[in-house]
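As structure tokens, one chain now follows by itself in the form predicted alone.
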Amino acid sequence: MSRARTILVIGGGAAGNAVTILLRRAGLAVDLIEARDDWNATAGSGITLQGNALRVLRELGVWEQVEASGFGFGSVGITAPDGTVLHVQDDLRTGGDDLPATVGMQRPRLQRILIEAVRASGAVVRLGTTADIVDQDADGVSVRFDDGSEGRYDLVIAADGLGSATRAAIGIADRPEPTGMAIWRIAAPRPAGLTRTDLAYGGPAYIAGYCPTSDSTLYAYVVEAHRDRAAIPAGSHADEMRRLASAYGGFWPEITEHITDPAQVNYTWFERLLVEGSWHRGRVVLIGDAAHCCPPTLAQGAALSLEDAWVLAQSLTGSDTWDDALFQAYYERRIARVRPVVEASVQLGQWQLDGVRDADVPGLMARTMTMLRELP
């Protein structure tokens, strides 16, 4: 009997959790390590999951929990800064007609659902742990963990996020670049009658929006030109977000009442990353934010990461030979889908930064989302 293949997944976010679940289902031995002791179980405010993300979550076997925990809706409203609804557009069902167009969720709840599925899969999980690549050859990769122990794996999957140390360690020099925008986010109670995402363009921010995340919660956000983060004291985050949000009408006055605790406000720059050429070196392969990221203007970051996990798992379980050809085929399959989403997401923001008034925003969004209806 041949030796069972072993895989190390570095990073326990959406991509790392998803690929672990899928590979364990196929009977492969998987160790997952995560640098944070809490497995990111409390981090973040909310997340918008479009149909192509829901399609992968269904494949993972967690769709019923997601559906019960989140808030599904099928349209987006465009409003004036004063709250006047200017247009309501039906969302495209990118996951197919048997799934909602969009589900909003509390991000920590989604992470806990995925954590439970990883635990149930039987994967070996080590929290508060990092690993360095020691060396690799045609048959596998040797790693050293931060407690001094070592391991040998047939494959290492780097799902360690935007600032991936593994990406740099294997000689991929690409790094995320700021796009010029930043976003303030907070979780808050959901006002009665708020049942979809609304986006207001103009006012003191480029965009002010919100997304329902359950029967009683939402997350709200305002997007502005990025500022020097070091010049914004953490204790002023609520004041800064409230100042911007208070200029908007409609549901915003009710939301703004809850922007009081600076510890609950998250400030993040929009960044762009797209690793070109290949997403692997030998038997170390990148997925998710370690390989690509885009501004949330199309709400596709998590969806693309989940798709990476699905496609890579299909590739690994569908072949007896794990070699450069397989990993390059994975890259080529994904880059054709990821590149237009990253470019469109960046372009939507750049048009706002440049003040372009006649930009074909609806056309670009429709073309990109229509492409995402196809299986990854």
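Keep in mind the model is a prediction, meaning the values are calculated, not measured. So that there is no doubt, residue numbering starts at 1 and follows the sequence shown.
Separately, the form predicted in complex with a small molecule exists; it is not shown, and the next lines address it.
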Of Q300, T79, T213, T94, the only residue with a heavy atom within 4.5 Å of the small molecule in the model of the complex is Q300
So the small molecule isn't shown here. In the model of the complex, which residue out of T268, T195, Q89, S149 has a non-hydrogen atom within 4.5 Å of it? T268
State yes or no: in the model of the complex, is some non-hydrogen atom of S345 no more than 4.5 angstroms from a non-hydrogen atom of the small molecule? no
Contact flag, R36 vs the small molecule in the model of the complex, heavy atom cut 4.5 Å: yes
So in the model of the complex, is the small molecule close enough to Y248 to count as touching (4.5 Å, heavy atoms)? no
Partner contact for I21 in the model of the complex: the small molecule, 4.5 angstroms, heavy atom: no
Stretch from 254 to 262, 239 to 247, 177 to 185, 275 to 283 whose residues place a heavy atom within 4.5 Å of the small molecule in the model of the complex: 177 to 185
